[in-house]
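In the form predicted alone, a lone chain appears below as structure tokens.
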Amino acid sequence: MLKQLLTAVRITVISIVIFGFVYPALIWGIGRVTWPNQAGGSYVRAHGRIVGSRIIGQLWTRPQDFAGRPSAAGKDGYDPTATGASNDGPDSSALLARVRASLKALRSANPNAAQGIPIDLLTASGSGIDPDITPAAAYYQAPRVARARHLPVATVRRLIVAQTHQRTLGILGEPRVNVLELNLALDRLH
């Protein structure tokens, strides 16, 4: 019995070392060598400083900026260390109250919007930190952003078209606009 116990302990220790330390370090090293930007967080720099990440959404509150999806990550939202959905079901009073508040705020902030409010501006993503919105969500906000930046709406719409990423490999995902990249492109216009 002692022989079997020692064998089990050895296998456990070896497994912990290999799968808990060696394998993760190897994968991390391969990632750092082959995709250094992505493995390092996909940080975006502007004016010599980090302004965000291409893969992590953030809160945009200025009227001259496009807003991203609402966040359910962390106590105050947009916390990349506490990602996850709210887990509120369709009959949840908390979800209904949050959507109603978002609806009211969006209508107030975007009085010149011609279409209905896209769902991704009302509900959080599964991760709670999605950096992208649908093109429809960007077009919905275009009149507000154009007015705040003193630009023609057509110019802002052309920028949305230029910043729209199509489906990966033509079949995966949906067309999307990275909010950080779109706002930085707008900043470059001035």
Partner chain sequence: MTLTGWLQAVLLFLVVLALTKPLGTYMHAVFSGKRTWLSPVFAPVERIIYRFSGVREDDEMPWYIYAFAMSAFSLVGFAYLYTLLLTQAWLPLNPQHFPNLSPGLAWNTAISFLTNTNWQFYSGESTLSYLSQMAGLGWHMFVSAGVGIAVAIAVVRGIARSGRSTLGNFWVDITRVCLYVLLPLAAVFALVLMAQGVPQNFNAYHTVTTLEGRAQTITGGPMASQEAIKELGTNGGGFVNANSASPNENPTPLTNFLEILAILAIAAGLTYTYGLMVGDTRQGWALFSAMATLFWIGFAVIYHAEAAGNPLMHQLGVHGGNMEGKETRFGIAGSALFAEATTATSCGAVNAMMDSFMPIGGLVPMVNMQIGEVVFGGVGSGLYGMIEFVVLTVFIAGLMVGRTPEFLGKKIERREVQLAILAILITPILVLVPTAIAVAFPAGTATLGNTGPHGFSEILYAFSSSNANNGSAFAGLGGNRFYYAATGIAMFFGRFFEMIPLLALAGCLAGKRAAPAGAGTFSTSSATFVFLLLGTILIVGALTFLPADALGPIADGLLLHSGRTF
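Treat the numbers as computed from the prediction; the structure is a model and nothing was measured. Residue numbers count along the first chain shown, from 1.
Missing here is the form predicted in complex with its partner chain; even so, the following discussion is about that form.
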Original post:
Any of the heavy atoms of residue 31 lying within 4.5 Å of its partner chain in the predicted bound form?
Top reply: yes
Original post:
How about residue 146: is it within 4.5 Å of its partner chain in the predicted bound form, going by heavy atoms?
Top reply: no
Original post:
Can residue 55 be called a contact residue for its partner chain in the predicted bound form at 4.5 Å between heavy atoms?
Top reply: yes
Original post:
Is there a heavy atom of residue 3 lying 4.5 Å or less from a heavy atom of its partner chain in the predicted bound form?
Top reply: yes
Subject >> Contacts with its partner chain in the predicted bound form, stretch 1-15 (heavy atom within 4.5 Å) >> reply: 1, 3, 4, 5, 7, 8, 9, 10, 11, 12, 13, 14, 15
